[in-house]
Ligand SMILES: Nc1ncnc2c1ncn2[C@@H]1O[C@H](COP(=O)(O)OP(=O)(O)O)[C@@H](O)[C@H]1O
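One chain follows as structure tokens, the form predicted alone.
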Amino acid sequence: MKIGVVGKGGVGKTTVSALLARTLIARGRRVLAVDTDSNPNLGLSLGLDAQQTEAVPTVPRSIVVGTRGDLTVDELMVDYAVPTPAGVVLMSALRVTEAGAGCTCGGHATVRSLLGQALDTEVDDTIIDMEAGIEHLSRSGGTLANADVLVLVVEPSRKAIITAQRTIGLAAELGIGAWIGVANKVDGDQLGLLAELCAQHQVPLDVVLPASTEVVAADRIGVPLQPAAAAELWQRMDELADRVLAVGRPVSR
């Protein structure tokens, strides 16, 4: 499965990406997580410390589509995939290291090329933690054009849900045929408004992740959420994993 995790800034894409990756690992699947944030932090949520996260090498575009385009998937994994304590292997496809460095088009092209590779020889699932917004879907060819499913992360706000609505339109134009709506950081008294907003904007509300003080505390100090913490949240992540994997299963006749 090739899974793009998308949404407005601040909705919790990195947290959802890490928790989904860990949930799939717990099921015995081989998972590659690709961090496309220009300020990458996914490694922290997978158990790397700050220094180790900073040291994750960025995959150059030339390695995948340029002069070294003959690199095998096995060689790519050996050179650029970093094991994490969570059992997930991590790649970084995008990083801004200096002011005035220009656009990040090359990094997005790298992600598109990575998703087009036969990664299933090395991993079962590839999770792409995308940068905020929808620009990655508007690029020529579409950064996520080869994704099997998009996980649309929203929070209980009209702005986040409008972003998801726009994402669905662009995804459909790219030929991505499956998306799953995930509401994150939801208190019980917000459910009614959330359902109303999703209905108004034709955004699916498939999985609701409860607001969690444990997640906030873990994020604050840059460590993974413990498996024994936030039991309801982990239960909802199991529901999300079920939905993601169902996309790849043939329909019985």
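Position 1 is the first residue in the sequence shown; the rest follow in order. Quick caveat: nothing in here was measured; it's all calculated off a predicted structure.
FYI, the form predicted together with the ligand isn't displayed, but the following is about it.
Highlighted residues K159, I162 and L197: none comes within 4.5 Å of the ligand in the predicted bound form, counting any heavy atom.
For the chain shown alone, S212 is a contact residue for the ligand in the predicted bound form, at least one non-hydrogen atom being within 4.5 angstroms. Mapping the unseen interface onto this chain, T14 counts among the residues with a heavy atom inside 4.5 Å of the ligand in the predicted bound form. The shortest heavy atom separation between N184 and the ligand in the predicted bound form is within 4.5 Å. The closest heavy atom approach of E54 to the ligand in the predicted bound form falls outside 4.5 Å.
For the options A228, L193, A50, V216, the one in contact with the ligand in the predicted bound form, meaning a heavy atom within 4.5 Å, is V216.
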